[in-house]
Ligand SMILES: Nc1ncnc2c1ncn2[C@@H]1O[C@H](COP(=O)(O)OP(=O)(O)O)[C@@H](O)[C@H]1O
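Shown next as structure tokens: one chain only, the form predicted alone.
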């Protein structure tokens, strides 16, 4: 198995004072669902923009599909699907008109676009909303339009930046299921960034953990679980959490909350 993405000593410094990415060396194996985990502000989005050649690195290199990625690497980006955080769409467009526009941007003929758009709208469960204006959609529905759009060119590499951000539990579960299905497709590699460990744990085969711009771990998801303290539980609590936390702290043998 080769590597779809390889970074070597990748560094990005903004305005000669803010180090957003610090000497990052990482491999993303072909055919993997690679989770890029880190808190908000840790450098995940900057790394993704460097991997896509949207900004120039201050130092180091990025190779994608075995070739150097740069700002002029349009040929490489033709084989990549990208979903940014909280994607924005033209107000008046419907899923059909937007996907048709993206398909034309990629140079697909009408004979190629029509069946592809139909297939994608069904795949992301937007058939009942396909003729409605995107501006009326919920965050979860908008995310599904974005995922369909980044699949229009049938990419070898799919890069999703915080795809579950702002979603309710149902929307998160639906998106996680969709990512899992995408990862099962032959000859596809999925790179998904998130600050939510539970989402990464559910779908990913490999993981990279970043904090303050530095890579602190990379490897298989099974390897990182061996390093995580046992007897740790995660709960999602809706409402005022303060009284709940106070009660949990009173339970014998609870180390931390």
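Residue numbers count along the first chain shown, from 1. Worth saying up front: this structure is predicted, and the values here are computed from it rather than measured.
One more form of this protein exists, namely the form predicted together with this ligand; it is left out here, but the text below deals with it.
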query: In the model of the complex, residue 70 touching this ligand (heavy atom, 4.5 Å); finding: no
query: Partner proximity in the model of the complex: residue 20 to this ligand, non-hydrogen atom cutoff 4.5 Å; finding: yes
query: Close approach of residue 39 to this ligand in the model of the complex, 4.5 Å, heavy atom; finding: yes
query: Interface membership of residue 61, this ligand in the model of the complex, 4.5 Å heavy atom rule; finding: no
query: Stretch from 26-34, 199-207, 218-226, 45-53 whose residues place a heavy atom within 4.5 Å of this ligand in the model of the complex; finding: 45-53
